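Consider the single chain below, provided in structure tokens and representing the form predicted alone.
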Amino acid sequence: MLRRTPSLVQQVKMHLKQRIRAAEFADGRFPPEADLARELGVSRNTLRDALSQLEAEGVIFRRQGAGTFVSQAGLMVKTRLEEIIPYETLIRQHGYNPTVKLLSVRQEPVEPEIKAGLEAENLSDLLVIKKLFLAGDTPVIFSITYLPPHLITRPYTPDDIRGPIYRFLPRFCQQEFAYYLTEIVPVDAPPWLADTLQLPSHRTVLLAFDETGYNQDDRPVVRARSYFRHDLIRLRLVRRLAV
């Protein structure tokens, strides 16, 4: 039975996702809603809300009079682009053992465009954090994070900064992270980036996220650029007709 929490619908959704990935539903078919709700110890309304979210994500589909089924196309979506998850989890979902290397953490000058995006034009330097994520022994993601140093209110260790920045912000900056505004762009990797990610000579174009993170007051608090080896890390989504 699942514990009741304020996010019970989300809890049910994630539980069902785990069972889908484990192929626990025979022939990809869900039990009747009444039986499944009883098994999970939740109301049918809660279950229906969770199923509606899974359907909107393309994970399941429903046939009138036939029931609810796992979407085979949805199973190919390892990570939903609108969800923020640690890159280690993304790598693990692709079947690799993830590790992260903290390459450098230091204050340094940055481009005016980065400062402007953080409303920090008056600052001379920003804290620049560079990380390399590996799948096994192969580099697959390189990230650069930019943070106004005056936001940091308490000492931190390399282990603290090695994790996701959205977890660092509330603990060490007293900033409640709300969301990322992300632009997805193709990048022709310069030599230094091609070397860092050990790109094959015939693959120099990368997929990149150019992101601005906002706090709960809708103010920009962090900028980030992440570069993906999309020959190893595939980012898919299910698109539907607009209603």
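What we label the rigid core is the largest C-alpha set whose atoms superpose within 1.5 Å from one form to the other. Everything quoted here is computed from the prediction, not taken from an experiment. Position 1 is the first residue in the sequence shown; the rest follow in order.
There is also a form predicted in complex with the DNA; it is not shown, and the following applies to it.
- Comment: the DNA is not present in this chain, but in the predicted complex one of A56, A26, A66, V205 has a heavy atom within 4.5 Å of it, namely A66.
- Here the chain stands alone, but in the predicted complex its contact with the DNA, taken as any heavy atom within 4.5 Å, falls in 42 to 50 among 179 to 187, 207 to 215, 42 to 50, 192 to 200.
- The DNA is not shown here, but in the predicted complex it comes within 4.5 Å of a heavy atom of V9.
- Relative to the superposed core, A66 undergoes a Cα shift of 2 Å or more between this form and the one not shown.
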